[in-house]
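Here we start with a single chain on its own, the form predicted on its own, put down as structure tokens.
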């Protein structure tokens, strides 16, 4: 009787443990799905804020294409169409079409929903992609300079799209902080440097800056300094960076008014 009772308890507790583990796995899967959904919505939010001038940016190459096409037609009608004119017009039309296509392709690649993957990525290349997206989507984009101070070949093992998302968030915030200031204070710097066995990326602006008491709360959910902000962008950035084994922080610009937002990631490979 005792043996039967013990076996029954063992089977019951084993079944309960299986159910508990299954419930935990299901909860973790839902949590990952929710996090991926939130990150995707965050990417769309960044693009939505940046895309106000997208129509203008696409209109420029389309206008150039239309101008050259109409010029060819007019010269053809007047009998003044030369092979040189055809070659020039075709070259300009192809160049502007590639420019417009490149803008759309980068946006589609960044915005698409996909599973997170980790691979070796070059931080400088991610910074350059962020710069191209900003310049391609803003009609009057500020100058964004990239200073790559890495002396060796430092790769990071990361989801490139997620790191790009973090960088775009920081750049967008920096642009907002200097939007109404003189042109010379709207320029931004992205500095990439080694930091022990890590690589650090700094987004440095010359904007209006923040109060000292605001800085410790920047990465808290729903804390925002913008009248129409939701306070989710920086907390999502913090989640992404910490999931990669990194750290993100903010401090006043040491060289001028403004802020410096930074994050660091472990170097996967660092060779002299």
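Residue numbers count along the first chain shown, from 1. The shown structure was predicted, so the numbers you read here are calculated from the model rather than taken from an experiment.
The following text describes the form predicted together with a small molecule, which does not appear among the structures shown.
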Inset, instruction - May I ask whether 122, 148 and 194 each come within 4.5 Å of the small molecule in the model of the complex, counting any non-hydrogen atom? - result: no
Inset, instruction - Sort through 201, 154, 174, 163 and report the residue having a heavy atom within 4.5 Å of the small molecule in the model of the complex. - result: 174
Inset, instruction - Just one of 165-173, 86-94, 68-76, 126-134 has residues with a heavy atom within 4.5 Å of the small molecule in the model of the complex, so point it out. - result: 165-173
Legend entry - Any non-hydrogen atom of residue 210 within 4.5 angstroms of the small molecule in the model of the complex: yes
Legend entry - residue 225, heavy atom within 4.5 angstroms of the small molecule in the model of the complex: yes
Inset, instruction - Could you confirm whether residue 240 comes within 4.5 Å of the small molecule in the model of the complex, counting heavy atoms only? - result: no
Inset, instruction - Indicate whether the small molecule has at least one heavy atom within 4.5 Å of a heavy atom of residue 246 in the model of the complex. - result: no
